[in-house]
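Presented as structure tokens, the chain that follows is alone, the form predicted alone.
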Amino acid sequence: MRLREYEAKQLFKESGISIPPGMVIKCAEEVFGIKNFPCTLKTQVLTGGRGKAGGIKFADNANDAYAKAQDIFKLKVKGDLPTAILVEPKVTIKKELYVSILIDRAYRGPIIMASAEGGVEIESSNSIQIVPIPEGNYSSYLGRKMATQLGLSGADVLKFGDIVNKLWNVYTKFDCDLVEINPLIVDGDNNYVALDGKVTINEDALGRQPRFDGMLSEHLTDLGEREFKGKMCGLNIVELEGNIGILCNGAGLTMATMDLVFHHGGKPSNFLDVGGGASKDHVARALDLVASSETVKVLLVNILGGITDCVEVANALKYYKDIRPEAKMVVRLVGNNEAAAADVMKAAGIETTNILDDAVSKAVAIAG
């Protein structure tokens, strides 16, 4: 879950990282309460590229700010329309840097990534420096090490190192996947200030982060309708362009099922792994979610009951057939309690097969 800039900066401020004094406005008329000019108006969207899109503007007086705030509130950035603008005083910048802490697959853990220059698209710059955090065991010397790699010296090594220490506190305290300051500026008084901020919270950890209760629904972007609904009910679904709805358990089995669909000339409508130990209600929600797309012509259910009780799945299928008798389903359900599950489905008039290849070829035929 990605936070907006002003939300990220609030976490920074609470951890002792300096940020510019600012105010968040929800309508253009609020700019008339601004006391200090010139100021910077920054659209608060969850997508990148807002500067290039015209979402950051400078204003010299209240009337200027009012006109530009009106424009920003109407400006979509990659389809995202702002509900707020962050207003901050224009600052003196002596130097810009970039620093972040994130998970890196190559290092199999968190790393510090930084550059002696900040700005757009800095992540692809040749000036990027990396310091791994061994097995996630952070020590304050790592921040100072990064400072020296960036060519900093004297008091700047300590100041930069202190910023990294505080970023690590944010990263661990709030179960983050990413914390980033870009740019981290040195102002006219040689203070290090987070001029912009980005924080991404690991969604699987939200249950132990009460601070973010109720925030997920308004912080999801670039999701299709089914993907959004899935997030809201604990199901991870990936939208595709086909017409065969896929419901399996286990990522490997789901991928293998999709591969067979392609092999037989069909196209999956989605990827959905219902998970292990799924209950009747959970499977029923998954069925409804997969079938909610108008393009889906048939549901292909392939469940291998290990932890999952096949009877729970069969009861969900029976329930779904009762409320959606017109829905076309092809079912392969094997494993834990499969005999009892077969009795449930037979009584409900649901045809099944134990042979995956037969199930896939039948689903592809139905889908046309």
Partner chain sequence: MSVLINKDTKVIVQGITGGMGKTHAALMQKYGTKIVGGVTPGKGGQEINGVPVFDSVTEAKQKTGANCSVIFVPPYLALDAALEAIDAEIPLISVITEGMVPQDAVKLHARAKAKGVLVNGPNCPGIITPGECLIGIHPGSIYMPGRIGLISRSGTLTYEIGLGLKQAGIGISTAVGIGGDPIIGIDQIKSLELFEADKDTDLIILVGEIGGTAEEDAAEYIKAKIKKPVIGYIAGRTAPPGKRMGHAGAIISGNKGTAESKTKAFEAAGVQVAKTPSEIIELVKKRIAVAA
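Here, rigid core means the biggest group of C-alpha atoms that superpose within 1.5 Å across both forms. Values in this document were obtained by computation on a predicted structure and should not be read as measured data. Positions refer to the first chain, counted from 1.
Keep in mind that the form predicted together with its partner chain is not shown, yet the notes after this line are about it.
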Requested in this report: Specify the contacting stretch among 190-198, 284-292, 262-270, 85-93, defined as having any heavy atom within 4.5 Å of its partner chain in the predicted complex.
Outcome: 262-270
Report task. Decide if the three candidate residues 56, 180 and 211 all line its partner chain in the predicted complex, where lining means a heavy atom within 4.5 Å. Result -> no
**Report entry** Non-hydrogen atom contact residue 327 with its partner chain in the predicted complex at 4.5 angstroms
**Finding:** no
Requested in this report: Mark residue 154 yes when one of its heavy atoms lies within 4.5 Å of a heavy atom of its partner chain in the predicted complex, and no otherwise.
Outcome: yes
**Report entry** its partner chain contact at residue 274 in the predicted complex, heavy atom, 4.5 Å
**Finding:** no
Query raised in the report: Can any non-hydrogen atom of residue 110 be found within 4.5 angstroms of its partner chain in the predicted complex?
Result: yes
Query raised in the report: in the predicted complex, which of the listed residues (28, 46, 304, 342) lies with a heavy atom within 4.5 Å of its partner chain?
Result: 304
Report summary line: Assert contact residue (its partner chain, in the predicted complex, non-hydrogen atom within 4.5 Å, options 164, 185, 176, 244) equals 176
Query raised in the report: Counting only heavy atoms, which residues in 168-204 are within 4.5 Å of its partner chain in the predicted complex?
Result: 171, 172, 175, 176, 177, 202, 204
Requested in this report: Please say whether, between the shown form and the other one, the C-alpha of residue 309 moves by 2 Å or more once the core is aligned.
Outcome: yes
**Report entry** Core superposition between the shown form and the other one, C-alpha change of residue 24 at least 2 Å
**Finding:** no
**Report entry** Large Cα shift (2 Å or above) at residue 241 between the shown form and the other one, core-fitted
**Finding:** yes
